[in-house]
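Structure 1 and structure 2 below are two forms of the same protein chain, each written out on its own as structure tokens.
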Structure 1
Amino acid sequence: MQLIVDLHLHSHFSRATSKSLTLEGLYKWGKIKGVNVIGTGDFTHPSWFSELRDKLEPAEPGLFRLKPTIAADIDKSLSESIKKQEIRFILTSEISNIYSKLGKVRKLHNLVIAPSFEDVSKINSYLERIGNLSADGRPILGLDSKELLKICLKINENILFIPAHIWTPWFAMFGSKSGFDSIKEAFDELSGEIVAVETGLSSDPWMNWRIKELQNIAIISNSDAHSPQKIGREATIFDCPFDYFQIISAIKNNDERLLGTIEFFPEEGKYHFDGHRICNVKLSADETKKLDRICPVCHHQLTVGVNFRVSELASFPVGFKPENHKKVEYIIPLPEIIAELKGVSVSTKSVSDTFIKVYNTLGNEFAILRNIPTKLISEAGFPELSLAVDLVRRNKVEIEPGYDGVYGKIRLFKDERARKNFGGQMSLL
């Protein structure tokens, strides 16, 4: 059974997140997107943890479902092609660890995944002695990441600890601003307990495979969604039944049950290239090296991005892949494809209306982007979309990398002229 799993996201109790990040919102958008197992996010927050206990019930081992009375009301608003998909929840939380180590302030975000409410209660009991868990869905704790890992291991060996978006400059294990140069440096004698890392939006498995330390551990991807519409923008694919312990075991062993990941094009991430947003300076790794990391406009230190940082720590060349490599699929979200075909903003009503029509006709977004033959998409009344989806599946896209907090742009067409030419080709069909 193939499962699409998104372990890292947030609730409406985290800062700068959508008010619709409720269990109901996650359930509905999980079905629309085609995500099978959704992380709850934010289980450390007392009010959110209370909501989780009130609205979820046990399903398969270590997984939960939305209570039937709540789910039924949501399903009424969904088409038959969407509502039939099963959704499960898994207890997860991101924790921000800020502390001093080896003479430097470290800022690491870590993902914790647990199999039961009882385990989460124990985690929260430890952490509430260290910091204010009510202040934010993603709590900020003055706790060494290694000590957080120790707490998890002490409570239950089936709790999984994963360094999050490991290349992000400001808050990550390998981040250029406050991270470390190795897992060993960050976790000392417990480095062997790090069995997986999360790519983050600005890197992909190909980039991570260049790092010697990451050769024998799992590379996973998640959305880090701050709104329900963003869940699944990155995700991990498994071949196993609904079962917490199978999912966790597949990650720990990095075996055949972990099929691969669904990825943002990493250039779209907002820290892929180097630069200064204020100075409107964007640079490749080679350009940054020539400038000795100094901005040519303001002459201050550049924000060094993920691509540079990977090259700095890499033991293998660009394009290297290990023998046991997993599948990597790149996507552009369906609303963004529709918006570009129409030549309008993704937030317009016409894009929303078309998106609803497409998934109500064909099924969930991942099925459309990944599986449904393009011929069937065309025959269903969406010929332009069928050709656009084919371009994305073949990675035939135009790329403008992100930098210093500015998202990159992934386009189907280089410019408006190319888009109109595409429309002209369609009229001939």
Structure 2
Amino acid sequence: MQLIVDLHLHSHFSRATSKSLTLEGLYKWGKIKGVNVIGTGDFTHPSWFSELRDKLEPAEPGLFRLKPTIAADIDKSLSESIKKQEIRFILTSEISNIYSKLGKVRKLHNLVIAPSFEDVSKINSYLERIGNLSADGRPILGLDSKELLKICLKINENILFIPAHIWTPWFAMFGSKSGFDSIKEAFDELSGEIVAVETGLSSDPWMNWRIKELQNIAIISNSDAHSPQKIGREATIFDCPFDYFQIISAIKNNDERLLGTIEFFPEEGKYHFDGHRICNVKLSADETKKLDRICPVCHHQLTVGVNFRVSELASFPVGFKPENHKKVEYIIPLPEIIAELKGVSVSTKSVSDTFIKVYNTLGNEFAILRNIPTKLISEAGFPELSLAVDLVRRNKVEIEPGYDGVYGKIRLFKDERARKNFGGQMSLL
């Protein structure tokens, strides 16, 4: 059974998140998006945790489902095409560890995944002594990441600890600003307990495969969603039944049950390439190295991006693939594809109307983007969409990497002319 799993997202108790990040919201959007197992996020937050205990009930081992009465209510509002899919919840939380080690302030975000409410209670009680859990769904602890890992291991060996979005400059294990240069540096003798890392939006498995320490451990992807519409924008694909322990052991063993990841194009990130926005200089890591990090226009230090950071720590060249590598599927979210086909902004009503029409007709977003034969999409009345999906599936997209705070652009069409030439009138959308 193929499962799409998203372990990292947040509740409405986290800073800067959508009010609709409730269990109900997640359930509904899980069905629209086609995510099978959704992380609860924020289990350290006392109010969210009590909400979880109220509204969830145990399903398969280590997994939870929304109580049937609540679920039935939501299902009533959903179309047949997406209603049937089962949704499971898995207990997860992200913790912001801020501490000094080896003479520097370190800020790491770490993901913790637990199999039961009892384990969560135990984790929370430990952490309660260390920090203020009710301030934020993602609590700040002045605790060494390694100590957090120790606490998790001590409570239950089935608790999974994963360094989150490991390449973001400010809050990550390999972040250039306040991270470490190796897992070893961060976790010392417990390095072996790090069985997986999260790519985050700013990297893809290809970038991670260049790192020696990441050759054998699992590379997973999650959405880090701050609104329910964004769940599953990155995710991990498993081939296993609904079962916490199977998912965990697939990650721990990095075996064939872990099929691969669904990825954003990392070039879209604001700091993928290096450069200077004001000097209009955009450079790849190799070019930056040749220039010794100095801007050819203003002769000041360049703002270096994630890709440069990767190349700094890399032992292998660009494009290197370890023996035991997984599948990587790049996607562009369906609403964005629709918006581009229409030539309008993604936040317009016409886009969301079409999006609803599409999934009501064809099924959930992942099915459309990944599985449904393009022929069927076309036959259902969306010929342009079927062509666009085909482009995305074959990675035939225009990529313009971001740099120095400028978002990158991932587009189906180079320009307006290409768009117009593409599918005639777009009338059917």
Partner chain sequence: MNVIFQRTSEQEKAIKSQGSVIVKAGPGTGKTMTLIGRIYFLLNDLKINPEEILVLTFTQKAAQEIKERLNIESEKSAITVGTFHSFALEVLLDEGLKIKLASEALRQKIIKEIILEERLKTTARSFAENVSNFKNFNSNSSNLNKDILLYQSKLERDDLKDFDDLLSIFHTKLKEDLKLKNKLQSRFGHILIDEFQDTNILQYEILKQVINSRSHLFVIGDPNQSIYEFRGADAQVFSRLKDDYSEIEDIRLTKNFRSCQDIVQVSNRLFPKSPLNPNQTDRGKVMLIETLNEYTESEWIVNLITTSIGGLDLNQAVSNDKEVNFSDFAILYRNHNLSKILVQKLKESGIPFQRIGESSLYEKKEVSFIICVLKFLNHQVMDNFYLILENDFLNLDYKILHKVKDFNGKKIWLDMKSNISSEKGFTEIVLKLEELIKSFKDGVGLQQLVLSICDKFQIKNESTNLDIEQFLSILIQFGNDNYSIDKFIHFISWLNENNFYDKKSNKVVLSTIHSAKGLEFKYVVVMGFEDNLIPIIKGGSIKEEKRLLYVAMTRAKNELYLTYTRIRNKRKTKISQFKNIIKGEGIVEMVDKSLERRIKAKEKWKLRNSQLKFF
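This one's a predicted model, so the numbers in the text were calculated from it and none came from an experiment. Along the sequence of structure 1, residues get numbers from 1 upward. Think of the rigid core as the biggest set of C-alphas that the two forms share within 1.5 Å after superposition.
Looking at the condition given, the form predicted together with the partner chain, one finds it describes the source of structure 2 alone. Relative to the superposed rigid core, the position of the CA of Gly275 differs between structure 1 and structure 2 by 2 Å or more.
A movement of the C-alpha atom of Gly402 reaching 2 angstroms or beyond is seen between structure 1 and structure 2 when the two forms are aligned on their rigid core. Ile87 shows a C-alpha shift below 2 Å between structure 1 and structure 2 [criterion: core-superposed Cα displacement of 2 Å]. With both forms fitted on their core, the C-alpha atom of Cys298 sits 8.0 Å from where it sits in the other form; this compares the forms between structure 1 and structure 2.
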